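What follows is a single chain, given as structure tokens, in the form predicted on its own.
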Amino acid sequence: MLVGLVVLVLLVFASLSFGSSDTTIQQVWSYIFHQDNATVGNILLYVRIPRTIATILCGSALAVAGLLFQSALNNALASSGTIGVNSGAGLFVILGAILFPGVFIAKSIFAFMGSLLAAVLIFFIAKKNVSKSTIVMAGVAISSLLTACSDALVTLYPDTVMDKSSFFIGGFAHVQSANLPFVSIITLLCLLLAGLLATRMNVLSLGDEMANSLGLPVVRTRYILIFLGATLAAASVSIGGILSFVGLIVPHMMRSIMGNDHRYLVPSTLLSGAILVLGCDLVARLLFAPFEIPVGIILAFLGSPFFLWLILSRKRRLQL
């Protein structure tokens, strides 16, 4: 945790200091201490600081959302991307933009509705006692359907999304500071509640029968975890677009380091998610500077091989 905090602080400094615009580290830090360059000040206040905050919020939200879904569904392959929650939020964000153009809070509310709808669909599929792989395949099918609906709406209303490719791939090029306070409050509140539910997630991981015998209301706890995960995914989609694999990569990495105790998993997953997305966003800005690519592309290059390895390793364990 201490190493993670140090890495996050260093990445924040780097995010404020480097970018596609032609500024030097000395100019940036001179403005921070002396406010002597209005151009650099505008870049910091209206571009880099909001973008840095947005990446930290999105990374933390998606990583913890993945952990919550994995705990609620008892499925290590579950995340807001693999079970269609991100796609549901993305579809409803577009609906909110069509019905209430220019009203940011409407997009956030609609994003929550879409993510919750997709999560509830997956939850009811999971209740049918189907295999874990079937749940993931159902999530892929739902995600494809919702993405097709989003594409259809964008085709019919092309001016709905400012940058369609950035939204569907995931990126922070168009983050606006006015959008951050509401999302920040919702995200921080949900992250706090997730930390308070860590002990219940530990009990839930013992199995339904054991959890019931220990007095845990299993169904209610699952609904609460899904609700929190859907809200976190919706908050992320409303400011960062549809980012994939964060909720899948980070919880597994943290389990291998921290173990299965959610009292440590929740804060370490939160911190590592912020590090991953902030680091990938920095790479996306600098790799082809002054041009930048959506951060979702970097995450896809990291997440796709990890997802394949995870599926193959689980299959190998089952065969043994």
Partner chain sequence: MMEISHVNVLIERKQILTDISMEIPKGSFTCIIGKNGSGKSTLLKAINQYLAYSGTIEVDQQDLKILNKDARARLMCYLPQQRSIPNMNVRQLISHGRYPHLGFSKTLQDEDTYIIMEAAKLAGVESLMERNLQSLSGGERQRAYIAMMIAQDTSYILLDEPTTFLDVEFQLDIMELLKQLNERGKTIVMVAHDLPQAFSYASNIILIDHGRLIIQATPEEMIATDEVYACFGVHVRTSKNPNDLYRYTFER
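Residue numbers count along the first chain shown, from 1. Please read all numbers here as calculations on a predicted model, not as lab measurements.
Just so it is clear, the following notes concern the form predicted together with its partner chain, a form of the same protein that is not shown.
Checked against its partner chain in the predicted bound form, the candidates Asn260, Gln35, Thr39, Gln26 yield a single residue with a heavy atom inside 4.5 Å, and that residue is Asn260. Out of the listed residues Ala152, Leu188, Leu145, Val203, Val203 is the one that sits within 4.5 Å of its partner chain in the predicted bound form by at least one heavy atom. In plain terms, the part of the chain that comes close to its partner chain in the predicted bound form, with a heavy atom within 4.5 Å, is 212-220 out of 245-253, 212-220, 227-235, 111-119. Interface membership of Thr199, defined by any non-hydrogen atom within 4.5 Å of its partner chain in the predicted bound form, is confirmed.
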